[in-house]
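Heads up, the chain below is alone and in the form predicted alone; it's given as structure tokens.
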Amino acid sequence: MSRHVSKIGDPSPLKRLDEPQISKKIRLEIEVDENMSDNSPDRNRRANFSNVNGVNRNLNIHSVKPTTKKLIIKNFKSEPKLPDDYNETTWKKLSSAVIAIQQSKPNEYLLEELYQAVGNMCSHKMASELYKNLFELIDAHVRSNIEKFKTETMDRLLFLKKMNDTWQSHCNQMIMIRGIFLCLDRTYVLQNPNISSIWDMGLDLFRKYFMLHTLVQTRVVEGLLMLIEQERQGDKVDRILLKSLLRMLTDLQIYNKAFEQKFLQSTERLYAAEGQRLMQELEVPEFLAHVDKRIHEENERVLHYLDSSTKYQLIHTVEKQLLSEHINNILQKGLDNLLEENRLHDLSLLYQLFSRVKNGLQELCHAFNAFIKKQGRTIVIDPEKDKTMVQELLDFKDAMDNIVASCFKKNEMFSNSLKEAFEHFINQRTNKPAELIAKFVDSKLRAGNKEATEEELERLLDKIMVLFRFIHGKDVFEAFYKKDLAKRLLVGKSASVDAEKSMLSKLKQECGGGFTSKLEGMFKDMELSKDINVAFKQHLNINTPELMPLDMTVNILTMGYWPTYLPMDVTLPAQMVKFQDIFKEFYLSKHNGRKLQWQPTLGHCVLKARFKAGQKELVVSLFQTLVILLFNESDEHGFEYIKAATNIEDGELRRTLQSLACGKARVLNKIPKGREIEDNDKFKFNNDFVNKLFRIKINQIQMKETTEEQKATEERVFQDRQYQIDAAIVRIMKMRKTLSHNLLISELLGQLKFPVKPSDLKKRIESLIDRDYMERDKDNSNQYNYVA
């Protein structure tokens, strides 16, 4: 196995390098196993031993011991020395190269030669002097460049461009100089942490003289502010120039001190004046659009040329001067109009902008709440709007809900404020909204309401329930709703049983089973009445087949479930009386001990009538039936006779005759003609009556609910409330035995579900004391004791 020894010396000398090589020389002796050479195509391949004499080609490789590499390093016998004038001659070359770079002239030396020279000086401990010389050379150049600007009288834009050119040249020059003196940066500078790198040295010197000459600095900053202000006024400016000079200030680490503070001050002055002026000149939507545009523009400036650290303070300044300072003015001047006109885009922008400033959304929420209370009060308080109140409330609620959802991003604070405002204004007028909501539900659930499909009706009922939740006097709603529901069920005017039960289910879910127990009882009565009528007809067919066929349907009403109706005795035809007696006997035979009281006010009939034009069927009320049947005896009757024959109450009779003689379907003729019914009027059967329909419904003229009837309903509600108050007082006192007046009032207000005044509670307490349910304490008149 042969050995090879190779020697490694210095690299070949550079061209035009006159001085001798100065690198330390060493001699290396390397002993290498030829078969284990790294030059082998595959170091992991099995060695080839075919050329070794006396060795079997099939010899196992593991039996051969590998040879080791041997590396011998020896010093040269003597170290080369530099010429005595090497420092001066080399710096002369280097300084001429630096000056050529600074003056943008061609360099007479190769960069490799200059780089090698710097390396040699650093290796021979000349780095300190080299750094000092380089510092002085750059210092002089930077100083002369900056001082030139002291005497410049050109306009600001040209001044900025020239300064930018100087800065760009300085940066390019420092990059080239650092390339030559890279060895100095990597050795001497790294070994001395207190010394700046060559690049930082250039920045430090530029910053030093830039800040030293305040006039130059001031002109640059003012020029930058001038360009930015021109851009804000709509002029087109050189953004590249702005970006370069602002980057210069950032690199020099004087951006904040020299520029940012002045920039923010000028921004504040500009937008403070602009905000005051535009708030007077523009309408709120235009003002909001302008503010949004300004914020977008300032964000664009940060993106294009301002330092990112300026963004927060800059945007905050714009928001403060254009929004925070004018929040109340914006809300007072324009919010009501935006809400009334349903300007969703402008409201969305208002919410978005106000969310940027402190307390902006809170102020907006307060103003939103105040608007709803003011607008809602105008709907509820005005008696002239009673007919349209509920529909207006529904529309108003829909509009406000849409604004909260689409403009205010379903903010919970605004949703709660909306609910609070509705609950506040809807109870400003005691009891009336509850009554009108009940009547509105009646109008929608009554047969003949073809305005909506079942799905639309269900959605409408859900919306009505939202209004219902806001009402404090829910018992008032129950009273009127029960009265109207009774009419719908008894007269058969309910549009849909499913819709009725759906509404009942919603009320039960909202107020509990106690609230709807009587209403559910009404439905139960109607179901039981169907079964009773089927059994009664079977009874008639079996027991009284000789009677004239009369299809009579009777509804059995449990008195506690239904509204209270005033009993009215009228004179019925003998045939009807006969059927009444038979039904009474039939019913009492099955339900012993019960008492039946007939209510003719809610009855209705179908009559067959013959006219010249042919036979017709008339769908009429029981009172109308009694009047029409009289004309089977004679074609003409006077008012007094009809009144005596039917025994119908005077006012009810007049309305009945109006419906028959003065309505659309006039089966009677009034003599003399006129709208009002007088005592001396006569009525004649209208044999010439014509109508294209076979079955004609003659509507009873509904007596408008008089003030007395409304008061009667309210009085019943008030009476029910008194019973509830009495029961609550007794319940509390029975549990507590002894209680002070204030604590009793407090507990009552917590338990009662309807609005009540403390003075009313005091009256009920006095009433219970008079009835010996409780007594005043003998020693403390402000204390009550329960009397067992």
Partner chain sequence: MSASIADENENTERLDDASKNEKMFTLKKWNAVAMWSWDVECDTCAICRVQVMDACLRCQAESKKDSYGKQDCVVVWGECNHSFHYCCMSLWVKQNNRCPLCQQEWSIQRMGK
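Positions refer to the first chain, counted from 1. If you're wondering where the values come from, they're calculated on a predicted model, not measured in any experiment.
There is also a form predicted together with the partner chain; it is not shown, and the following applies to it.
Among residues of the shown chain, G603 is one whose heavy atoms approach the partner chain to within 4.5 Å in the predicted complex. Among residues of the shown chain, G360 is not one whose heavy atoms approach the partner chain to within 4.5 Å in the predicted complex. Using a 4.5 angstroms limit between non-hydrogen atoms, L607 touches the partner chain in the predicted complex. Using a 4.5 angstroms limit between non-hydrogen atoms, L314 is distant from the partner chain in the predicted complex. Heavy atoms within 4.5 Å of the partner chain in the predicted complex map, among the stretches 471 to 479, 392 to 400, 430 to 438, 570 to 578, onto 570 to 578 alone. Scanning L134, M201, L249, L618 against the partner chain in the predicted complex with a 4.5 Å heavy atom cut-off leaves one residue, L618.
Proximity to the partner chain in the predicted complex, taken as a non-hydrogen atom within 4.5 angstroms, holds for one residue of L629, A370, V237, L461, which is L629. For the stretch 402 to 428, the set of residues having any non-hydrogen atom within 4.5 angstroms of the partner chain in the predicted complex is empty.
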